[in-house]
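In the form predicted alone, a lone chain appears below as C-alpha coordinates.
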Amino acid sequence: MTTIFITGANRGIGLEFAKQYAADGAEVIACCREPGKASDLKAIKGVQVLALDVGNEASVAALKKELGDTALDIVINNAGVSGPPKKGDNIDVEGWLATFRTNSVAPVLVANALKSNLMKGKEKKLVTITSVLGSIAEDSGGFQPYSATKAAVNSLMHSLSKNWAKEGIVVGIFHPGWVQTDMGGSGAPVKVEQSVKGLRARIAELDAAKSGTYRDFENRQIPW
(Lines give C-alpha, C1' and ligand atoms only; values in the text may rest on other atoms or scores of the structure.)
Protein backbone atom coordinates (compact mmCIF):
# COMPACT_ATOMS: atom_id res chain seq x y z
CA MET A 1 0.00 0.00 0.00
CA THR A 2 1.25 3.48 -0.88
CA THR A 3 1.63 5.88 2.05
CA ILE A 4 1.02 9.57 1.34
CA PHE A 5 1.93 12.40 3.73
CA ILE A 6 0.23 15.79 3.17
CA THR A 7 0.65 19.15 4.91
CA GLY A 8 -2.06 21.83 4.95
CA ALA A 9 -4.69 19.16 4.42
CA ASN A 10 -7.68 20.72 6.16
CA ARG A 11 -9.00 22.56 3.10
CA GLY A 12 -8.54 23.31 -0.58
CA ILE A 13 -5.93 21.39 -2.53
CA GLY A 14 -4.62 19.53 0.52
CA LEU A 15 -8.07 18.29 1.44
CA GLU A 16 -8.72 17.16 -2.13
CA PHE A 17 -5.40 15.29 -2.20
CA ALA A 18 -6.51 13.42 0.93
CA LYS A 19 -9.91 12.61 -0.58
CA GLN A 20 -8.57 11.35 -3.90
CA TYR A 21 -5.68 9.32 -2.55
CA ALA A 22 -7.83 7.75 0.16
CA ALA A 23 -10.51 6.88 -2.39
CA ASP A 24 -7.87 5.03 -4.40
CA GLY A 25 -6.88 2.97 -1.38
CA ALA A 26 -3.71 4.76 -0.30
CA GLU A 27 -2.80 5.14 3.34
CA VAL A 28 -3.02 8.89 3.96
CA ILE A 29 -1.40 10.82 6.80
CA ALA A 30 -2.88 14.31 6.64
CA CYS A 31 -1.64 17.22 8.73
CA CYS A 32 -3.01 20.59 9.75
CA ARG A 33 -2.49 23.04 12.60
CA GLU A 34 -5.76 22.35 14.40
CA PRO A 35 -7.10 18.83 13.82
CA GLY A 36 -9.98 19.50 16.21
CA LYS A 37 -11.41 21.99 13.72
CA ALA A 38 -10.73 19.89 10.60
CA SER A 39 -14.16 18.24 10.41
CA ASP A 40 -14.10 17.73 6.62
CA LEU A 41 -10.69 16.09 6.79
CA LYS A 42 -11.59 13.83 9.70
CA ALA A 43 -14.71 12.72 7.85
CA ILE A 44 -12.62 11.01 5.15
CA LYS A 45 -12.53 7.29 5.84
CA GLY A 46 -9.11 5.84 6.47
CA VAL A 47 -7.21 9.13 6.83
CA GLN A 48 -4.94 9.61 9.85
CA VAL A 49 -5.02 13.25 10.94
CA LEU A 50 -2.04 14.69 12.81
CA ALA A 51 -1.25 18.14 14.21
CA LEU A 52 1.48 20.12 12.47
CA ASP A 53 2.43 23.78 12.28
CA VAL A 54 4.94 23.56 9.42
CA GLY A 55 6.80 26.74 10.34
CA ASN A 56 7.32 25.74 13.96
CA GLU A 57 10.47 23.69 14.57
CA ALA A 58 9.13 22.15 17.78
CA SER A 59 5.92 21.10 16.01
CA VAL A 60 7.88 19.49 13.18
CA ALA A 61 10.11 17.68 15.70
CA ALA A 62 7.05 16.43 17.60
CA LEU A 63 5.51 15.14 14.38
CA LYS A 64 8.71 13.34 13.46
CA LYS A 65 8.74 11.70 16.90
CA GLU A 66 5.13 10.61 16.45
CA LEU A 67 5.84 9.12 13.02
CA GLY A 68 8.98 7.35 14.18
CA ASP A 69 10.28 5.08 11.43
CA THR A 70 7.04 5.01 9.42
CA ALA A 71 7.86 4.57 5.73
CA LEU A 72 6.51 7.35 3.52
CA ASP A 73 6.26 6.92 -0.24
CA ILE A 74 5.18 10.45 -1.13
CA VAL A 75 5.57 13.62 0.96
CA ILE A 76 3.48 16.55 -0.29
CA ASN A 77 4.43 20.01 1.00
CA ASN A 78 1.12 21.74 0.38
CA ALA A 79 0.73 24.16 3.31
CA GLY A 80 1.12 27.80 2.36
CA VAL A 81 -0.12 31.34 3.00
CA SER A 82 -0.87 34.25 0.69
CA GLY A 83 0.99 36.79 2.80
CA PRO A 84 0.03 40.22 4.15
CA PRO A 85 -2.11 42.58 2.07
CA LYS A 86 -0.32 45.34 0.19
CA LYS A 87 -0.42 48.76 1.90
CA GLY A 88 0.82 51.24 -0.67
CA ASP A 89 4.61 51.43 -0.69
CA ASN A 90 4.90 50.32 2.94
CA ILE A 91 6.34 46.90 3.71
CA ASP A 92 4.94 44.77 6.52
CA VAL A 93 8.35 43.37 7.44
CA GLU A 94 7.09 40.87 10.01
CA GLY A 95 4.33 39.75 7.67
CA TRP A 96 6.80 39.24 4.84
CA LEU A 97 9.17 37.27 7.07
CA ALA A 98 6.31 35.10 8.33
CA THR A 99 5.33 34.37 4.72
CA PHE A 100 8.88 33.31 3.89
CA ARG A 101 8.92 31.12 6.99
CA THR A 102 5.78 29.24 5.93
CA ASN A 103 6.18 29.15 2.14
CA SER A 104 9.95 28.83 1.72
CA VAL A 105 11.65 27.63 4.90
CA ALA A 106 8.97 25.23 6.20
CA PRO A 107 8.95 22.90 3.16
CA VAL A 108 12.69 22.35 3.62
CA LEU A 109 12.26 21.91 7.37
CA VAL A 110 9.60 19.23 6.77
CA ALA A 111 11.62 17.57 4.02
CA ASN A 112 14.73 17.32 6.19
CA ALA A 113 12.75 15.96 9.12
CA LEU A 114 11.09 13.26 7.00
CA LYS A 115 14.03 12.32 4.79
CA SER A 116 14.67 9.07 6.65
CA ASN A 117 10.97 8.17 6.32
CA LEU A 118 11.14 8.79 2.57
CA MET A 119 14.24 6.64 2.35
CA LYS A 120 12.23 3.75 3.79
CA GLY A 121 9.43 4.23 1.24
CA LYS A 122 9.12 2.56 -2.15
CA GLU A 123 8.58 5.67 -4.29
CA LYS A 124 10.78 8.22 -2.49
CA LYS A 125 8.96 11.25 -3.90
CA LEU A 126 9.15 14.70 -2.32
CA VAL A 127 6.59 17.14 -3.75
CA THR A 128 6.15 20.85 -3.14
CA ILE A 129 3.11 22.77 -4.34
CA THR A 130 4.38 26.11 -5.60
CA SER A 131 2.92 28.73 -7.96
CA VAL A 132 3.54 30.12 -11.42
CA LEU A 133 3.85 33.44 -9.59
CA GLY A 134 7.24 32.19 -8.44
CA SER A 135 8.50 32.33 -12.03
CA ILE A 136 10.83 35.32 -12.40
CA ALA A 137 10.65 34.99 -16.18
CA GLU A 138 6.84 35.28 -16.17
CA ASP A 139 6.47 37.72 -13.26
CA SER A 140 3.87 40.38 -14.06
CA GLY A 141 4.22 42.08 -10.69
CA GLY A 142 1.71 42.73 -7.95
CA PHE A 143 2.21 39.91 -5.43
CA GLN A 144 5.71 40.64 -4.19
CA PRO A 145 6.03 38.67 -0.94
CA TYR A 146 4.05 35.67 -2.18
CA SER A 147 5.87 35.54 -5.53
CA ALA A 148 9.26 35.89 -3.86
CA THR A 149 8.54 33.09 -1.39
CA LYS A 150 7.54 30.77 -4.22
CA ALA A 151 10.64 31.67 -6.24
CA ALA A 152 12.69 30.91 -3.13
CA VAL A 153 11.07 27.52 -2.49
CA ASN A 154 11.52 26.64 -6.17
CA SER A 155 15.25 27.28 -5.82
CA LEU A 156 15.49 25.36 -2.56
CA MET A 157 13.65 22.33 -3.92
CA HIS A 158 15.69 22.35 -7.13
CA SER A 159 18.80 22.28 -4.97
CA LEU A 160 17.42 19.39 -2.90
CA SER A 161 16.74 17.46 -6.10
CA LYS A 162 20.47 17.62 -6.83
CA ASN A 163 21.62 16.94 -3.28
CA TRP A 164 19.35 13.92 -2.75
CA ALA A 165 19.52 12.39 -6.22
CA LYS A 166 22.26 9.95 -5.23
CA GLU A 167 19.96 8.64 -2.48
CA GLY A 168 17.14 7.93 -4.91
CA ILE A 169 14.78 10.71 -3.77
CA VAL A 170 13.03 12.56 -6.61
CA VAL A 171 11.62 16.06 -6.19
CA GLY A 172 8.51 17.52 -7.81
CA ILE A 173 7.92 21.29 -7.98
CA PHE A 174 4.36 21.78 -9.19
CA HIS A 175 2.06 24.72 -9.90
CA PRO A 176 -1.59 23.67 -9.32
CA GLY A 177 -3.13 26.25 -11.61
CA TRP A 178 -5.35 29.12 -10.54
CA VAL A 179 -7.70 27.04 -8.44
CA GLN A 180 -11.12 27.65 -6.88
CA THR A 181 -9.98 27.62 -3.25
CA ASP A 182 -10.12 30.12 -0.40
CA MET A 183 -6.84 31.54 -1.68
CA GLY A 184 -7.64 31.40 -5.40
CA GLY A 185 -11.21 32.64 -5.09
CA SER A 186 -14.47 31.38 -6.54
CA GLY A 187 -13.77 33.05 -9.90
CA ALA A 188 -10.65 30.98 -10.58
CA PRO A 189 -10.84 28.93 -13.80
CA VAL A 190 -9.65 25.58 -12.41
CA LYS A 191 -11.75 23.38 -10.14
CA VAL A 192 -9.90 21.84 -7.22
CA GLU A 193 -10.80 18.30 -8.34
CA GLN A 194 -9.33 18.99 -11.81
CA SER A 195 -6.16 20.47 -10.36
CA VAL A 196 -5.51 17.59 -7.98
CA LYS A 197 -6.24 15.00 -10.66
CA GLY A 198 -3.58 16.64 -12.81
CA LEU A 199 -1.14 16.99 -9.94
CA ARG A 200 -1.53 13.31 -9.09
CA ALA A 201 -0.72 12.43 -12.70
CA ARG A 202 2.42 14.56 -12.49
CA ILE A 203 3.40 12.89 -9.21
CA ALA A 204 2.78 9.42 -10.66
CA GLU A 205 5.11 10.08 -13.60
CA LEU A 206 7.76 11.85 -11.52
CA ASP A 207 11.12 10.17 -12.00
CA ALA A 208 14.82 10.98 -11.95
CA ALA A 209 14.65 12.62 -15.39
CA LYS A 210 11.91 15.06 -14.27
CA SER A 211 13.18 15.55 -10.71
CA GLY A 212 13.83 19.21 -9.90
CA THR A 213 11.91 20.58 -12.88
CA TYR A 214 9.20 23.23 -12.49
CA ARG A 215 5.88 22.19 -14.04
CA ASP A 216 2.19 22.93 -13.84
CA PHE A 217 -0.63 20.45 -13.25
CA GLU A 218 -1.05 20.01 -17.01
CA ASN A 219 2.67 19.24 -17.44
CA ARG A 220 3.80 22.56 -18.95
CA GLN A 221 7.41 23.20 -17.97
CA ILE A 222 7.54 26.68 -16.45
CA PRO A 223 10.62 28.88 -16.92
CA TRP A 224 12.41 29.83 -13.71
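We number the residues from 1 along the sequence you see. All values reported here derive from a predicted model rather than from experimental measurement.
Note that the form predicted together with a small molecule isn't included here; everything after this is about it.
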Partner contact for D69 in the predicted complex: the small molecule, 4.5 angstroms, heavy atom:
no
In the predicted complex, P176 touching the small molecule (heavy atom, 4.5 Å):
yes
Heavy atoms within 4.5 Å of the small molecule in the predicted complex: does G184 have any?
yes
Within 4.5 Å, heavy atoms only: does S104 come near the small molecule in the predicted complex?
no
Location of the small molecule contact in the predicted complex, chosen stretch of 111-119, 124-132, 137-145, 88-96 [non-hydrogen atom, 4.5 Å]:
124-132
